[in-house]
Structure formats: structure tokens, C-alpha cells
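Given as C-alpha cells, the chain that follows is alone and in the form predicted on its own.
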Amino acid sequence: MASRRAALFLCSVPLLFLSQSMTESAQNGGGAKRRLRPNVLVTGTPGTGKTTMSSLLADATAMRHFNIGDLVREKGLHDGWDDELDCHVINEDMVCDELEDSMEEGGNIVDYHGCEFFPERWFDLVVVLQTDNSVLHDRLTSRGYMGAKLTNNIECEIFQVLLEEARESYASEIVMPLQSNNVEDISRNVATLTEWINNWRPPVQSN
């Protein structure tokens, strides 16, 4: 599975149940500062619509949106360029250092095609966007993906690599897969997540 993750170039659950389960999970997750708003991670194979949906969700909820790919390029949070993978070599420690203060405050939407290197305590919800292979193929070819780069990403979606990674890295009850094939899906997902964010309450801290 590691080889498939390396190829990810830079390289419906009831809301009440989710809210209750995630609050319980957060109580056990620790964290130095009590957040007043949740942090949401949006992940998925390239081409599943992470940035589009995250931007709309940020507008709907007045949350901050961090696109990790853009952040890495703008802040130089990388160790150079990988010609073979056609991407920056992300420096995970630098990315985490850059985000730490904002994540402690809460109210963030983080958008990235990987999830395992982020601290588990950061997130109250992990959204995994999924797209049908034919739709994803068209989206990636329109971006100029071809050859191994195209094939590797399609295979990652077929084998649900990002969903598996999310479930291995975070408590299963906070992982929410959502279909993302068209505009209607995006609108429905934004509405679902906006409701979840508006209903979220900080966990009660035990003495």
C-alpha cells in the first residue's frame, strides 16, 4: 500500500450518531487547548473534488481552509522537486509546525490527498471523498495526467487506498466517506457537513 500512497502526486451515516460518537472520541484524544470549533480533514485521491468542496464549505461555515499543496508551494515546506513523481517532496514536519497553532484554535478545514502524517488529535471529522473511476479518469486526463501518473491514481481509487489510510490513522467513528461524482453530490456534501459543523459542540472535559 505504501507504493500506492507514494503515487498520489502533490504527487450515509446519520449526523446525530456521528456527532455523538465524535464527541466521545475527542474526549479521549487529549489536546492542550479546548477548541471552540471543530477541525475537519478532507482527503481523497486527486481529482475527487477536495479543494472545490472545501472552499465551498469554508464559505458556508466561516472556517479557515488550508489547501496543503498550495501551502507547501507558497511557504516552501518541501525538500525539493521529485522529477520521477512530478511533485514536491513534502516536508511533513514543517507542514505540521506551520499548522499547529491554527489547529489548536480550531475552526479549520484541511484539504490534502494524504492523511496519515497529521496528528490524530487535530481532527474531529475526517471526510474521504470518493469518485467513480470513469468520472475520475476524465477529471485527471483533463488535468494532463497520463501514463503511470494517471494509472497509479486510478488504482488508488479502485483499491480505496485513502479510505483505508484514514481508517488506519483515525478512530473509525470519525471517518466519513462521501460520494463526489457531480455538482449535486458536492452541494449535498456541503450541506451535510455544514449541518454537522453547526451542530458540533466542544467535548466536556473531565476533571
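Bear in mind that the values here come from a model prediction, so they are computed numbers and not experimental data. Numbering starts at 1 and follows the sequence shown.
Below, we refer to the form predicted in complex with a small molecule, which is not included among the displayed structures.
- Put simply, S180 is close to the small molecule in the predicted complex: some heavy atom of it is within 4.5 Å.
- Interface membership of G47, defined by any non-hydrogen atom within 4.5 Å of the small molecule in the predicted complex, is confirmed.
- Using a 4.5 angstroms limit between non-hydrogen atoms, I186 touches the small molecule in the predicted complex.
- Residue contact check for R34: none of its heavy atoms lie within 4.5 Å of the small molecule in the predicted complex.
- Every residue in the set T52, R139 and R143 has a non-hydrogen atom no more than 4.5 Å from the small molecule in the predicted complex.
- Only one segment in the set 161 to 169, 148 to 156, 38 to 46, 56 to 64 has any non-hydrogen atom within 4.5 angstroms of the small molecule in the predicted complex, and it is 38 to 46.
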